[in-house]
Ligand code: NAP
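Below you will find one chain, with nothing else, as structure tokens; this is the form predicted on its own, and questions on how it binds or moves follow later.
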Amino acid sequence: MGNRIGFIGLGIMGQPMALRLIEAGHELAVFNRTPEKAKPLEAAGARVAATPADAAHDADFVISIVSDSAAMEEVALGKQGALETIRKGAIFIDSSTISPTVSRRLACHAAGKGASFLDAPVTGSKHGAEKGELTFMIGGDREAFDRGLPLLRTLGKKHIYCGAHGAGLSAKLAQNTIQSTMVEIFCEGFVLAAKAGVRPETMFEIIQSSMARAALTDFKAPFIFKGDFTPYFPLKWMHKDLTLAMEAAYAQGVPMPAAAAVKEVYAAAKAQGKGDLDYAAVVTFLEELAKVRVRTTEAAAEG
């Protein structure tokens, strides 16, 4: 028998996640600030809620995945927010990547309603959400984690318990710091090689034959070489996550000199209007500075 789920946030990640839950037999009430994004879910059998409070009413689980801390506070604590109506014993699972401090505050509000709260950010981007192959990094009470795990198995292949409230988000910010830096430095190296006349195909063969090879850049490289920056994970969100990581680093006295520099590269690309492109579009900012393009011979001919 399926659960009653209030699902809030139907963007690049939320929509395929919600669809998988419907396909698994759960009863969904969905809310999105842009109502037209709810239409595919309504067609699949979900009820479209008028407000987050409406979506959360009588739900066994509330799942949210929204853009940032301000959006999360609004859907949880704002007028007709989900925490107004969440029932005692329900579990609120937030898969947004937001400030750990904000998340801990929301957990306190949920506890005041007799509900549990898990910070459960994900990695795996759009294709992982579509295939149910996301990795969840989860913080909160272990008992709530254990109760929520059967539901989360519909959405992901790996569910890693990180510790107390906020620990999942802290892990996600560390992971995205590493991921964003790997892609940016990969792009720097390829721009350097291209400027010297080394073809991307040749440079990629070298990287794949060396200790510098990584699954992430193996996946991103073909898109970079084609100039295809269809968003699997938008650049503006990666910049947001780097900013949150730097805020956390400052609060904890952790120096992050390389990440600070990388954050500004993403900030510059975002300022150029590239925020809605995939974060691998950071290469275009570097290309423009160097006056060279990292494209394979075939892609350059097509362009």
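Start at 1 and count along the sequence shown; that's the residue number. Computed from a predicted structure; not experimentally measured.
What comes next is about the form predicted together with this ligand, which is not displayed.
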Residues Gly9, Ile12 and Ser125 all lining this ligand in the predicted complex, heavy atom within 4.5 Å:
yes
Heavy atom contact within 4.5 Å of this ligand in the predicted complex, the stretch among 54-62, 266-274, 30-38, 246-254:
30-38
Looking in the predicted complex, any heavy atom of Ser103 within 4.5 Å of this ligand?
no
With a cut-off of 4.5 Å between heavy atoms, is Ile138 one of the residues that contacts this ligand in the predicted complex?
no
Verify the contact flag for Ala71: yes if a non-hydrogen atom of it lies within 4.5 Å of a non-hydrogen atom of this ligand in the predicted complex, no if not.
yes
Going by a heavy atom distance of 4.5 Å, is Val75 a contact of this ligand in the predicted complex?
yes
I need to confirm a contact call. Of Ser116, Ser180, Ser96, Ser170, which residue comes within 4.5 Å of this ligand in the predicted complex, counting heavy atoms only?
Ser96
Within 224-259, the residues having any heavy atom within 4.5 Å of this ligand in the predicted complex are Tyr232, Phe233, Pro234, Trp237, Lys240, Asp241
